[in-house]
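Okay, so here's just one chain, in structure tokens, the form predicted alone.
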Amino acid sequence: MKKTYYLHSYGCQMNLADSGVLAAAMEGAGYVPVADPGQAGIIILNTCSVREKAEERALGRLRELAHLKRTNGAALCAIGCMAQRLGSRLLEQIPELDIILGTERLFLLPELLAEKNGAPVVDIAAGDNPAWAEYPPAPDNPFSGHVIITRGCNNYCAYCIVPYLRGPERHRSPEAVLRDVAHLAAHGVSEVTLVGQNVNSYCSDGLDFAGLLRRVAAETAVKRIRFITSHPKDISDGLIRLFAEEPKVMGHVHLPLQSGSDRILGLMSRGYTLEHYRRRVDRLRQARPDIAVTTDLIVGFPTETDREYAATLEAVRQIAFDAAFMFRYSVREGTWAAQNLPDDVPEATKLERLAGLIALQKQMSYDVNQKEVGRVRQVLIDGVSRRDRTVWKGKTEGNKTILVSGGADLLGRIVPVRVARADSWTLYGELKV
């Protein structure tokens, strides 16, 4: 049991990518993954700190799992962004913790486990740790995986804690990225997602992000390529052209807008206007008419007025996003906004605005998805429906979830599916024979 581990990630795609590398490091040290924390000798939570709610979820789960240390003798480990932010303060809330590792130290976990005896270990030292690059990533599942192309962020948006926790941008060499993609493809992975806090700013050995994508498409056997996350101020014409020219690059871009008000965007230090954002989306849709555009939106940012909230609603109507992640503003200690702006939008107003935004986006997603009905999509089948184990589940080129009836052995295959109907969140289709 001591050589088994349970690893769960909260938060963004970068956390998932970090967990893939850590899993490879753990297994390289002889540890075996298990799906049940009750069967694990090592319990690891890769935590998120981007919003207060994300930290609350991780803390709640750590408290739930603490009993396994007492009953089974399991080691309890908190790693990642919340661990980086709180450090030894986490022990005040979860005294059962054995190891707390920050964003650049988490890859040392196998080594620390081998050496540990006695007191809790807390390591949130800053600075890049090259140990992580030694391990080709483990896939998320047999069919898809993440490859890190950059670490850190240089944008310092007013509300965001991430640059303070992950440090400045560091870009991997094209050869390192190609090696990891080739490794995943050799292990049967069909779809790879390239990950960075801002992939659009990638630059290494004279190669920009569009150039990196072209090399991945040309020089590896992977069948489908995705990426996340894009910053609107940095998305290039070369990248936009790539959507029209490279069939391996899937027709989906996640492009956080955050607000429809130029004044609020300025306070957020986002570096673009709504008009710039809309022009980029228009160019993307010209290059690839069926591209899916998803976004992030925040309501209740300090000093946001009713009129500025209405501007966000109007932007959602006009841009017609396929889907959105929507949040109310929460203060993040250490950010520019926390230090310089009053959290002056009442909580009840934030919740009311968020509910209105969610209701609007639900309708917009429904309307957009109706246009999918009758189309044939190439779907990577990656599992079965949670509600009906006889129905397949997969992802379209636009990263939409689709449930598929028909076929006996589709798992892991990319198959043509005709969309029969759709709701706001899910497509429903039939295998096209």
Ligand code: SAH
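Numbering starts at 1 and follows the sequence shown. Because the structure is predicted, anything quoted here is derived from the model rather than measured.
The form predicted in complex with the ligand exists for this protein as well; it is not shown, and the discussion that follows is about that form.
- Message: Between the ligand and Arg51, Thr229 and Arg332, in the model of the complex, does every residue show a non-hydrogen atom at 4.5 Å or closer?
- Response: Answer is yes for this spot.
- Item | Partner-facing stretch of 177 to 185, 107 to 115, 206 to 214, 256 to 264, counted where any non-hydrogen atom is within 4.5 angstroms of the ligand in the model of the complex | That would be stretch 256 to 264.
- Message: in the model of the complex, is there a heavy atom of the ligand that lies within 4.5 Å of any heavy atom of Arg328, even though the partner is absent here?
- Response: Judged by the heavy-atom cut-off of 4.5 Å, Arg328 is in contact with the ligand in the model of the complex.
- Message: Please tell me whether any heavy atom belonging to Tyr277 falls inside 4.5 Å of a heavy atom of the ligand, as the geometry stands in the model of the complex.
- Response: Heavy-atom contact with the ligand at 4.5 Å: absent for Tyr277.
- Message: Is Tyr135 part of the interface with the ligand in the model of the complex - any heavy atom within 4.5 Å?
- Response: No, Tyr135 sits far enough from the ligand in the model of the complex that none of its heavy atoms falls within 4.5 Å.
- Query: Tyr159: heavy atom within 4.5 Å of the ligand in the model of the complex?
  - Reply: Taking the distances in the model of the complex, the answer for Tyr159 is yes, it comes within 4.5 Å of the ligand.
- Ok, Ala74, Ala78, Val147, Ile298: which has a heavy atom sitting within 4.5 Å of the ligand in the model of the complex? Only one option qualifies, and that one is Ile298.
- Tell me, out of Arg270, Arg224, Arg151, Arg353, which residue has a non-hydrogen atom within 4.5 angstroms of the ligand in the model of the complex. Selected residue: Arg270.
- Counting only heavy atoms, which residues in 175 to 197 are within 4.5 Å of the ligand in the model of the complex? Heavy-atom contacts to the ligand in the model of the complex: only Gln197.
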